[in-house]
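We begin with a single chain expressed as structure tokens, specifically the form predicted on its own.
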């Protein structure tokens, strides 16, 4: 297996992508102030979620993931990209309304420092976890626990600090959990592509892993729906109508309402209903399509969060989203090319 293309090491890819993202952000800054955050929230979820799935499997001593786990762990260097992208995004931190009247917690210097550290932490801990896992060290489980803690902390900061605080003082105590569960959901969806492609070359080594991830995709569709519903349940039985304002603001916009329906379809109804069928679960192209819809639904959901609170432009959203995905797709292609077929 190769870490990346020999022609362009991962560090060079990250630096080049960060540079291009910065230039694109500068070009579109007159039309958009927070577009870059859409790509950051999405790809950080995918990358961190991939490693979180591997760490969770190590903690559970799961043997089902043994063949694919080394491939999943190869993505951990890409986590270094996200603190750099966040620093670029922090140029637009004055878009947060609380920055006009800063307080002890919500002030720009502290906001930038703590969130940069939050993005760095999973990358640093992932390095030690992956090294321990590859050596089958007796410290693997400890490192896996530490990674999952750093993953939950980072995703929670993304939810509470980078998204929720746009509408301060609105609060939702389940928002952090929603984010890190969605990150694992995204990691599973990406793993579908990874295992599916590898199974085409080596069905004996990866077919069972593909089937397992397909089942997990269906399971996380149910989990996502449960968390989605539980937020409304808490508002109702806790009698906290102040939390409704966030949803009401978005449902008043017909376009966002349609986007919300798309999210519900792609993150719950379509994956769950289609994957009930055994035939569909074993049909790789169809499962690819379902996984793609899940990832698309997560992107649209992040747009729902940000459209009412900031200036977004189509190109300002698409370009960083595509650029941050390049190293993931490059590594995926490299892994597929380097796998020896055994069909």
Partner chain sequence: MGEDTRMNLEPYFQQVETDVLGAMSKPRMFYWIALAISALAFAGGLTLWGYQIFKGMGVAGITHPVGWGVYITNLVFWVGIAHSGTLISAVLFLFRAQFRSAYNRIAEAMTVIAVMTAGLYPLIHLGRVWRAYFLFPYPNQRLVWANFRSPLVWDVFAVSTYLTISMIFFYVGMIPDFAAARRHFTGIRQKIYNGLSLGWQGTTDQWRHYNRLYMFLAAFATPLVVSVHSVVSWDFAMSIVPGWHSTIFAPYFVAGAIFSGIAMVITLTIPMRKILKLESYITVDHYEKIAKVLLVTAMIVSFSYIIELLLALYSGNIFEISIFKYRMLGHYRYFYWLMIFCNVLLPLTLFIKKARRNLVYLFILSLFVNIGMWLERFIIIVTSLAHEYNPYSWGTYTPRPVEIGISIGSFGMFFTFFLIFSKTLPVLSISEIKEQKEHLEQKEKGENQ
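Under this definition, the rigid core comprises the largest set of C-alpha atoms superposing within 1.5 Å between the forms. Note that the coordinates shown come from a computational prediction; the quantities given were computed from them, not determined experimentally. Positions refer to the first chain, counted from 1.
Only in words, not in the display: the form predicted in complex with its partner chain, which the text now covers.
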item	value
Contacting member of 90, 173, 116, 137, with respect to its partner chain in the model of the complex [4.5 Å, heavy atom]	173
143, 164, 197, 120 - the one with a heavy atom within 4.5 Å of its partner chain in the model of the complex	164
Every residue of 106, 152 and 243 near its partner chain in the model of the complex, heavy atom within 4.5 Å	yes
4.5 Å heavy atom contact, residue 233 and its partner chain in the model of the complex	yes
Contact label in the model of the complex: residue 180 to its partner chain, heavy atom within 4.5 Å	yes
4.5 Å heavy atom contact, residue 156 to its partner chain in the model of the complex	yes
Contact flag, residue 277 vs its partner chain in the model of the complex, heavy atom cut 4.5 Å	no
Which of 224 to 232, 124 to 132, 80 to 88, 255 to 263 lines the interface with its partner chain in the model of the complex (heavy atom within 4.5 Å)	224 to 232
Rigid core superposition, residue 101 Cα moves 2 angstroms or more between the shown form and the other one	no
Residue pair residue 262, residue 236 - Cα distance in the model of the complex, closer or farther (3 Å or more)	closer
Cα separation of residue 241 and residue 177 in the model of the complex versus here, shift of 3 Å or more	farther
